[in-house]
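Coming up is one lone chain in structure tokens, specifically the form predicted on its own.
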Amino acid sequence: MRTEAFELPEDLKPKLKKAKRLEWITLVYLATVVVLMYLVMGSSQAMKTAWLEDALSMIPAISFLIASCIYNRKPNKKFQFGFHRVFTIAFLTGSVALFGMGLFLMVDSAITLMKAEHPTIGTIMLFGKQIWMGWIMIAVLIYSSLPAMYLGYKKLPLAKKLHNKILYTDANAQKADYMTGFAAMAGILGIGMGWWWADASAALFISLSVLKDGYTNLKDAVEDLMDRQPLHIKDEKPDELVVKAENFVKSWEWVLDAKARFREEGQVYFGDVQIIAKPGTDIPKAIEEGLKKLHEFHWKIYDVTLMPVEKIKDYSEK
């Protein structure tokens, strides 16, 4: 078991620093979006839904920044495996909030639609001219969509490099924010054309998108806590690193056969490798050297147990 504080490889440290900087920019930007949308949303259900969605978008960024201050602390008597799972907890927290709010927004929008409420959008005087508030709302929605999409695209490659799911979720949600913005714009334009149902329908569309993201992330977070095999964060396929590590162990001179299994603990992997050793092997010395080689094999293989066995036990489903 490793007892030192966790450090990312040197080439990933600047990427983590950049990810933190982008999250701080995101928080400041979203704060301005939330204030502006609150000021102009009026009685539009679509604007209200988009406003809540933007307010919720701050949770993953906050969770990531808090977790990134804790994850690399040295193991202690109380937390003997370190603090790596803080990222998984952050992922779960953000997912629960997203799923709960998606559910609330869906019910709220559906009720509004069934009541056949007819929202109205007024006008204001700006620079001596009367302007329809709908245009102001659309301008704010453009501001809430395009910079968010850019920030999402900047974070996506960093999340993949760092194998960080809370950062990936945040990046994907922001990349998709333009859909929320355009749906809300369609609702507002619908009100302007006299289509009372367009506003609530747009809100319902946005809420279903939020609900889908929340459900997917919640399912992933729970399965990670249940020690699911490591997956790629971009396509949910099994990470080939597990097979590579197993083959790496099999290539050692003193090893006849081996079987590896790993689980995700935040950004890194914990696991064990069963080994059938050749007769006459100095097991304690070989294991000490093997652990060192595995730790140097890849930064994500953080804590692993090498178990000498007489027969390999296959834990995978037949």
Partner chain sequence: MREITLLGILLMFVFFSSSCNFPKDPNNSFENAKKSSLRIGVVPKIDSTTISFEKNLIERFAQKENLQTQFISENETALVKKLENFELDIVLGGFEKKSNWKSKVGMTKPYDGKHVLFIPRGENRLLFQLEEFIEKNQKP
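Source: prediction; values computed, not measured. Positions refer to the first chain, counted from 1.
The form predicted together with the partner chain exists for this protein as well; it is not shown, and the discussion that follows is about that form.
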Original post:
Is residue 119 one of the residues lying within 4.5 Å of the partner chain in the predicted bound form, judged by heavy atom distances?
Top reply: yes
**OP:** Give a yes/no on whether residue 125 approaches the partner chain to within 4.5 Å in the predicted bound form, heavy atoms considered.
**Re:** yes
Subject >> residue 192, heavy atom within 4.5 angstroms of the partner chain in the predicted bound form >> reply: yes
**OP:** Examine residue 178 and determine whether its closest non-hydrogen atom to the partner chain in the predicted bound form is within 4.5 angstroms.
**Re:** yes
Original post:
In terms of non-hydrogen atoms within 4.5 angstroms, which of the given stretches 127-135, 88-96, 228-236, 161-169 touches the partner chain in the predicted bound form?
Top reply: 127-135
Original post:
Looking at 139, 103, 222, 186, which is the one with a non-hydrogen atom within 4.5 Å of the partner chain in the predicted bound form?
Top reply: 186
Original post:
Between the options 150, 215, 79, 196, which residue brings a heavy atom to within 4.5 Å of the partner chain in the predicted bound form?
Top reply: 196
